[in-house]
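Coming up are structure 1 and structure 2: the same protein chain in two forms, each one given alone as structure tokens.
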Structure 1
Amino acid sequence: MNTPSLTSVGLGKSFGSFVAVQGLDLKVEGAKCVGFLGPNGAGKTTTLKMFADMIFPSRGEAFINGISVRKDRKHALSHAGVLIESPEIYPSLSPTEALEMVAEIRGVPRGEQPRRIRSVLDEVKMLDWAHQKVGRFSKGMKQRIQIAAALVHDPEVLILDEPSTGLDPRGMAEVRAIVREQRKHGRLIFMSSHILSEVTDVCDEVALIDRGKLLFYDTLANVTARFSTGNAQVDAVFVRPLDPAQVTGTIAHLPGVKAVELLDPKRVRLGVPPGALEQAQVLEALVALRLGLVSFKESTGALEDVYMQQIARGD
């Protein structure tokens, strides 16, 4: 399998006098998840639709795995699974029946269809409901089947437009877990979202768009470091409440810890160097304290601060 990629060169879209996307130059590649952020009306869905050839660009080009979507649509889209404003699956069909239709349309050889359908249903944790009627499913279960439909032809690139919007907390958690797993299959996931906690939880990199213009694209750690004090921010969660003296007297003085804030009795926010090696050393030092560390990840609050700063600059 080649390295999956999505590339836009001068990509733009206008609707009359309204410019939805302005000369977007972006290249993402590799097996990872990239969060495509922006407020409502920023141009996220319009961009994804141009990558999926659902609307024509007014200028520029979109490429999937280096193949022009405009010049060779069929070849380009054969590498991509897309979930953008997909219609509901017929309620009288089972997941297996629905996926058989999609597999046929996508050109999956009939001899391979049973294996592929079983595989994707397993990926989205719906194998036990393979022959139940979709009409009986919850909204979250239906969304998992829609993701399975995007995966049935084994694409290298997965394009998702706010896949967890409208779901209850359980449904959101299920969809996020599926998205995280896709990197293990060597896929590039390009996912629009306005839920910053979701992006922090599942994405490796972020691109921010506002009023049709790309503001930045980088790793989560680099973004928060570049636009804040120079440090990345991570949240550390412990199984037991911490003594405030442990926070100010012990954790605050660990090598690499630049700042510390007690968010609640079991959670602290740390200012740490942006480099992965330095953060790994901080993590090792925290574990060595034997305080019951259970989570160490990029802070949602840090990304939210950057997001609000950058959007405000455009006002």
Structure 2
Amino acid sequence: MNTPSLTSVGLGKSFGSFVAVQGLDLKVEGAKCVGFLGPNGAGKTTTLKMFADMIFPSRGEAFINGISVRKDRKHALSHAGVLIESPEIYPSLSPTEALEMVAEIRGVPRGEQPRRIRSVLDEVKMLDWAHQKVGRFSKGMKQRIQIAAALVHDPEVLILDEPSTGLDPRGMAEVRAIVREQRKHGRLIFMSSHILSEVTDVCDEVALIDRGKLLFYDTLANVTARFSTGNAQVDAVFVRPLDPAQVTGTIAHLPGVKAVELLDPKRVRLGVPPGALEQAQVLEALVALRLGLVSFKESTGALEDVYMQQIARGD
């Protein structure tokens, strides 16, 4: 069995004199979720389209599981589920029919199809609409069907282009929950986004692209540590308001806490070492204080700081 992978070697794309992507060397491997970040026009969608053979590279090559997409799109894409540019399904088909089409084209065995289709429709919470016409669906419902279509053959790799863009807050939350769930199935998820909180919430690693150039690719913790003061940042949320004295007096002196900032009465941002072990020790110490800790997770703000800093450097 292959380890799922996406690789680009010197990948570049120009439209006339405009260089959309240049010299992109990236190897993403293993079961994880990688956020592909960048401002509008940075080259995210162009890169994903080259991975899906929707557009052709001007230079370099893209590979899925080691198979060149350009040379053998059929076999390269057989390993991947793709959702790029909010595509449309033939409007007169029902979700079940659309997924049957995908399953048949992908060679999912006939006997397996009903179970598989039901399973992915259930996963995206569209079972109740399984036999309605797709043409009547809202954008969010269509997006969920598209995600189901990308999952119907149990792919090793998922390529998602801003899957929650254009959806209402509930739709965004639902799509994120679906993507988060996919991490548990051992897939490699490569997801473009310009929503930093989404990437922090869903992804393990992050690649930042700007003006067609890859600025970095690393784990979230390493990125925030590398580009800030050497510390990772986590936000801790408490059930009760904190006494400022507790923050400066107690929390700030916990082992492993390098910095602390009170964001609001129930929330603090902590500067902590980037390693998982060290962060676990901080978490245990916070719990031991019995202050009513309810959440302890990587700070969106930290990634935002890095993002702004790196993008600004390119301006």
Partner chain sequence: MAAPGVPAPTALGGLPSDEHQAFRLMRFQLRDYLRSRRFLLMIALTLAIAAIVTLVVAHFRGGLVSSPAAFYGSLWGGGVGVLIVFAGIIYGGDAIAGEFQNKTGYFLMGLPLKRGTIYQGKFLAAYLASVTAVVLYLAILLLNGIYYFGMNAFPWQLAASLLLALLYLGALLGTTFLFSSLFKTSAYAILVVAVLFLFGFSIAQVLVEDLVKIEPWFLLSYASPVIGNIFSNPYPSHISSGFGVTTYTATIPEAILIMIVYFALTTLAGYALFTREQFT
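Note that the rigid core is defined as the largest set of C-alphas that superpose within 1.5 Å between two forms. Each residue is numbered by where it sits in the sequence of structure 1, with counting from 1. Because the structure is a prediction, the values reported are computed rather than measured.
Colleague: Of these two forms of the chain, identify the one that is the form predicted on its own.
Modeller: Only structure 1 fits here, because that chain is the form predicted on its own.
Colleague: S94: CA shift of at least 2 Å between structure 1 and structure 2 after core fit?
Modeller: The answer is yes; the displacement is at least 2 Å.
Colleague: After superposition on the rigid core, does the Cα atom of K184 shift by at least 2 Å between structure 1 and structure 2?
Modeller: No, its C-alpha moves less than 2 Å.
Colleague: Kindly check if the Cα atom of K74 is displaced 2 angstroms or more between structure 1 and structure 2 relative to the superposed rigid core.
Modeller: No, K74 moves less than 2 Å.
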